[in-house]
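Only one chain is shown below, in structure tokens, and it's the form predicted alone.
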Amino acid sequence: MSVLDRIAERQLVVVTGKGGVGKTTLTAVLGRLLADRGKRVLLLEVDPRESLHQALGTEPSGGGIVQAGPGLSIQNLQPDAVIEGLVREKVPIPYLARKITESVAFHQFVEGAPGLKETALLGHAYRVLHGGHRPRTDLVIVDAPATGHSATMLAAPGLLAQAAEGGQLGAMASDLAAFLADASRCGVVLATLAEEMPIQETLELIALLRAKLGIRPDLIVANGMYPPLPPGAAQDPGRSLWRARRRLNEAELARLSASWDGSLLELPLLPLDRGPALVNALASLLKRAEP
């Protein structure tokens, strides 16, 4: 079974990595690949700046669900809006729900409860998958915060379950924590660049996920690789710089491989702007890069 076959069997996949390494683009690429396999995929973005729509050529989400092609949709999600939506669901009288969400005590609780915002975001994904959501979704891919913040997000439901033990909120958090701990249903994909700082953060995140959560990533993708120059290429300054960058890429990937024996795929640097053409080209290349 290939690594993409394994990822296709998951229900929730969290994509993370150091800022600026192509995490959002990789989220779009995975979504496109898995939708092409017949999966109904929802891409959840948690950055309020909204950039996922640019990669897929759609209008901004603004909190709603936007179709991005057959079997593929995107949604930008903010925790405060999710939590307020849960209040309106549990308190069906609009006036009372509004009084609660506008109260100072409510906002203090939202800001102070450990892991509540992170749990709300992941809980939304869980509800989409298991709550009779329409249209039906087979797989949710989360374009998660960078590196350690993603580890904090994944740990949040367990922390909230302990803090709110015995109550309805604690029970919901406990169910979500058990779901996230099931490696057959949930996975993590790391994006990186084959450069010193991104590789170092990737190694630290691998160790953090293992020590804190017992999670082993399904896949690491090295973005923006400089392709090798053909033998005998002229020795002009531009090509010399290209060769130097390629040697750096290879050295850093060797450093990663010395500590990581799992799936590692490479995607090349392409002369394309962010958008559907780049996503489609990288999706094709990633599919071919599988062993």
Ligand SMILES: Nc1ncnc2c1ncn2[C@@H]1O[C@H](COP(=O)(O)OP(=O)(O)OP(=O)(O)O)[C@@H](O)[C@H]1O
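Predicted, not measured: the structure shown is a model, and the values here were computed from it. Start at 1 with the first residue shown and count on from there.
Although not depicted, the form predicted in complex with this ligand is the subject of the following passage.
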message = Test of understanding: in the predicted bound form, would residue 277 fall inside 4.5 Å of this ligand by heavy atoms?
response = no
*Heavy atom to heavy atom, is residue 249 within 4.5 Å of this ligand in the predicted bound form?*
no
I'd like to know whether residue 11 contacts this ligand in the predicted bound form, with contact meaning heavy atoms within 4.5 angstroms.
no
With the partner left out here, check for me: in the predicted bound form, does some heavy atom of residue 47 sit within 4.5 Å of this ligand? yes
Per contact check vs this ligand in the predicted bound form (non-hydrogen atom within 4.5 angstroms), the hit among 219-227, 256-264, 32-40, 239-247 is 219-227
Worksheet item: Looking at this ligand in the predicted bound form, do all three of 21, 25 and 268 come within 4.5 Å of it through at least one heavy atom?
Response: yes
